[in-house]
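In the form predicted alone, a lone chain appears below as structure tokens.
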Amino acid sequence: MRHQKLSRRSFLRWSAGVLGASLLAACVGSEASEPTPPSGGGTQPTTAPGGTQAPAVITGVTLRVVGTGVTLIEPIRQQAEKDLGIKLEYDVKDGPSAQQKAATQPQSWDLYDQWFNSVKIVWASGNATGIDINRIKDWDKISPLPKEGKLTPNAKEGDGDAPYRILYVQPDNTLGSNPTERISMLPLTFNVDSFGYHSEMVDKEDATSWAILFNPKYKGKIGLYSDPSTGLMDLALGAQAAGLATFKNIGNMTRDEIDTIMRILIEKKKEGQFRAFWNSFDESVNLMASGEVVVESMWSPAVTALQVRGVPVVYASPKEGYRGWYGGMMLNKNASGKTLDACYEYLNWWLNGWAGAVVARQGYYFSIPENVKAHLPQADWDYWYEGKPAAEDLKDPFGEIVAKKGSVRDGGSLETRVSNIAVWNSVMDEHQYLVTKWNEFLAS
């Protein structure tokens, strides 16, 4: 079994790059807007997990949750407060800023709501403690994807920081894949990302591979994410697919591999292959909507936003595989007493599926699909999870029609999509070196 050895030296190296790099962009953009809860069958407000009122021991407790607008949204906060009888203070930041606060200001938060590729940073800071799975009521119902690396036996595991590789706290307090009774982060939401393309301007055959990012047919019409880690992974997948470079592990490149891909990127940038680098969700949407780019590294909700506007954008299902991400919550080592009890009640509340149903209509999956199903109308479940044609017009959390009757989700069902993950969002061992080289690329 693989273990991640996390030293203070490693933390300083990672944090210098992740926390100090000015080019680490906002990770949610307008996703921080406040969607309304799902409507329709099975979506009425729930009680506390188990159908009971919140225990008196947590009455009057305020929990401070730092994270991003992907999951720290107002309807979720309001419903959790109603069901649990506690007060929640959401500190909504962009991804790097949330991570920085978790790693450097332990006195300011109780729960950290982010992504698994930030676990190594926060754990190595010494500010988090393991979550006791014996206090997680539905732990056994969580799918095998974050626990074992695969949803089905024949699925790809993917390179990089797959959740299971850094999920379990080992006896020596390192993180690894060997199951124990303590975990680094409770797995909650996840998705797979690729690139979006304008279906009226891009040949469908070209959009079956990440190699399209280097296809000269679309020179000057390529949009990229400016984040040095995520953005580089997309480009590395493209370079490898195009036969320009090879990598042993795209999620954890060596210095020589980073040098190789950067030489290629600088050359292509000078040739005019890339049109723009976006920092926020809104920028990615506007670049495609304006026609400035026709192929772009994107997040699923950005494609959804464009489709709502009537822009014919398709989310690609590249044959090489998707870039996956998984989100969840970490527990502050200083949480104790009633605050600690409230943290566990909130974690268990999340697993009951109501919040998972809210984020499902943004295109995100949840770690216990069966719990989400109880809170989603059948038509939404069939479309978002099963990959079936929409039985009716479906609305996103903002009340906009996001899927017309008869349409099918790009990439198909949950099982099909997450069985083809090429790499997970990661913090590489050479992250600081990567950031330096990425800045040189952007400045070239």
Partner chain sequence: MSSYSLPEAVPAASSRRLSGNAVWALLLSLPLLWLLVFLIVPVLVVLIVSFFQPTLSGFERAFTLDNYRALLSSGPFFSTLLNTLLSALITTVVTFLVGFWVAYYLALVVPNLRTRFALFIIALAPFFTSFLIRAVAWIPMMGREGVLNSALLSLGITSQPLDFLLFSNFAVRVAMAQLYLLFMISPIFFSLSTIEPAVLEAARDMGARWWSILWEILLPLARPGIVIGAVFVFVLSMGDFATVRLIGGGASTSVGLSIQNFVTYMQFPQAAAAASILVLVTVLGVVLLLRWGAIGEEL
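Positions refer to the first chain, counted from 1. If you're wondering where the values come from, they're calculated on a predicted model, not measured in any experiment.
Note that the form predicted in complex with its partner chain isn't included here; everything after this is about it.
Put simply, of P312, P144, G220, P179 only one has a heavy atom within 4.5 Å of its partner chain in the predicted complex, and it is G220. Taking a 4.5 Å heavy atom cutoff to its partner chain in the predicted complex, the contact residue among D138, E74, D91, E283 is E283. Although the partner is absent here, Q99 lies within 4.5 Å of its partner chain in the predicted complex, judged by heavy atoms. Within this chain, N279 lines the site of its partner chain in the predicted complex, having a heavy atom no more than 4.5 Å away.
Although the partner is absent here, T104 lies within 4.5 Å of its partner chain in the predicted complex, judged by heavy atoms. Among heavy atoms of S125, some come within 4.5 Å of its partner chain in the predicted complex.
Residues placing heavy atoms within 4.5 Å of its partner chain in the predicted complex fall in a single listed stretch, namely 288-296, out of 326-334, 245-253, 288-296, 81-89. Residues of 419-444 placing a heavy atom within 4.5 Å of its partner chain in the predicted complex, in sequence order: V427, H431, Q432, V435, T436, N439, E440, L442, A443.
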